[in-house]
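In the block that follows, a single chain appears as structure tokens, in the form predicted on its own.
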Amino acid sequence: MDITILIGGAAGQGIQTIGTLLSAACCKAGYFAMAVNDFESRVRGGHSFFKIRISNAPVYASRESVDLLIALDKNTWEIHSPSLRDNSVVLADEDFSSSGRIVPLAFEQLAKETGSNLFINTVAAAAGLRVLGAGPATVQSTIKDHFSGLKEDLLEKNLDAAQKGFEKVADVLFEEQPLAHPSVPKGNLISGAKAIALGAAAADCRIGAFYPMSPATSIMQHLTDLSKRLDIVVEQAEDEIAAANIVIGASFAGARAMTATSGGGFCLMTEALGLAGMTETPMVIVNAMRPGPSTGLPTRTAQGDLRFAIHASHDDFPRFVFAPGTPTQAFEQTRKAFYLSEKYQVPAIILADQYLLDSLFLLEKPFFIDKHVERFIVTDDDMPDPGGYERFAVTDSGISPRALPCKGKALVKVSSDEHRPDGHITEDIAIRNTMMEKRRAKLPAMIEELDGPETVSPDAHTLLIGWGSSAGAIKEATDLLRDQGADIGCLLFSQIWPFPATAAEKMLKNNPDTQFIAVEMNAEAQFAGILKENTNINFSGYVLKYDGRPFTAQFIVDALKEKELA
């Protein structure tokens, strides 16, 4: 079984609520599931949809064909009816089309019979659950679980609305009835945004500062929720520059701190990024990529900020760049970003995107949380002469002992100007060169900290090369093509910078006849360029997408066949 449900309508009709209810019920019934949230940058109107894929086997990405369409407005029918299969079921108002495919369901009328058209989402959710095979008890328990925080009278009205939706489709036969055959749940649904917030908490993040910007805001919303139970302070600053500087100030004082923004906000943060680079102050920044330039497509997804993240701010200084592809990687790499940022006293940037942050993925294994958090801070007891402490002491590793201000006899002096080892500013030529070389001396050890790519059939003749959140679609495209007889594999990078060239070369040059294909959500194949610069491999072709919508496996397969690359 592998079915796709699409719920569409206008912003404000409760599309996300319906999708969340159906996703939760299917997950609870023991199925693998993932869900994509697609919406426009507006509060009301327009077109939004929530697409859920349910399967007996693990799923990594969304599909394009639709098996069950729940259309809350005519727009949804017109846009998505071409994606229906021959035996798909459509729940919609019969006024939307004269097509005989529609199972008539007057969502608004039924909701008003309950008391308000605000109950449209509950009517639709219950109808969807019934078509998927749910009995009345399952529908009621799903509604009660989701609306448990409501007042008693509102909960009763939602249950009444659910009953009306359930009864209207009681006789609808659907090819698959997954909810009629529940089994043990395989895990829990989680978004990439929540995984990053949990990773930050697990890394002992104590300060989160941000200025709201889609799609990064959801990370800070989850961190705010965690602050109610953990010792975390979340501050909404007056702008992105202030948010980044709050993070630097908190880190200077010894607290682990992060901020999250999107491309436009990251532009503003680059001045602070340079300050962290010069003062060797740890900081973690999440850049939730969206299409640009400027405001671009605020609620869409992209992979266009890779080279920007690697080179942001002026002059050269070391930094880490991560690009997780799954919630598990998002959790683990956020923890790693905090750890490495502090160990090497450099900024760490996490490149996420709207697709990863706003989609729901099945998490089969709980996150591992290490109660011991290693810190890299020295005290007077660690020094033979605290009075002679030098914040930027020259060492072979480039890493100077990091003491905290006002925590002992060691006097901590820093400056955004070039400085001597003791922190005082200088324009001395020899010291300037020494300090540049000291900061860059960290790079060899930093590279060794990063893992190479995840691989699927790395000895194949054709290798798809991808990074970040495209991993799921690329992996599934690889499986589809191998099932069709193609000699194809893939390499998926998530730990990007400083580029782990040695680890990558081991995978890339096993076979001199290998054909490499870059698969990226940007217009210039940015990662392919970086890979070529660092390994000198040549690409035979590219599958690029920059319309703000995520890859599907079928899109990649079709593009490869059209270009005669697979």
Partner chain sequence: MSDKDRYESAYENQWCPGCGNFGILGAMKDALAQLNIPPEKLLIVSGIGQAAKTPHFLKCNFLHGIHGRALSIALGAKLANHDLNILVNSGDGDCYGEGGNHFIHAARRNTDMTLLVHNNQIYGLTKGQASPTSAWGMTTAMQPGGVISEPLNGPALALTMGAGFVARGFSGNKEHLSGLIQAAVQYKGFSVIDIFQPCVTFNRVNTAQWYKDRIYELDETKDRDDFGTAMTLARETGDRIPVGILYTKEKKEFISQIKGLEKGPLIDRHYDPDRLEKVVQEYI
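This is a predicted model, so every value here is computed, not measured. Residue numbers count along the first chain shown, from 1.
From this point on, the text means the form predicted in complex with its partner chain, which you will not see here.
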Can you pick out, from Ile369, Val394, Ala180, Leu443, the residue that has a heavy atom within 4.5 Å of its partner chain in the model of the complex? Ile369
Please pick, from Ile310, Leu154, Ile79, Leu230, the one residue with any non-hydrogen atom lying within 4.5 angstroms of its partner chain in the model of the complex. Leu230
Only one of 146-154, 200-208, 116-124, 433-441 has heavy atoms within 4.5 Å of its partner chain in the model of the complex; I'd like to know which. 200-208
With a 4.5 Å heavy atom cut-off, would you call Cys406 a contact of its partner chain in the model of the complex? yes
Would Arg85 sit within 4.5 Å of its partner chain in the model of the complex, counting heavy atoms only? no
In the model of the complex, does Asn188 have a heavy atom within 4.5 Å of its partner chain? yes
Leu340 near its partner chain in the model of the complex, any heavy atom under 4.5 Å? no
Three residues, Leu226, Leu275 and Arg420; all within 4.5 Å of its partner chain in the model of the complex via heavy atoms? yes
Residues within 4.5 Å of its partner chain in the model of the complex, restricted to 252-280 and counted by heavy atom: Phe252, Ala253, Gly254, Ala255, Glu271, Ala272, Leu275
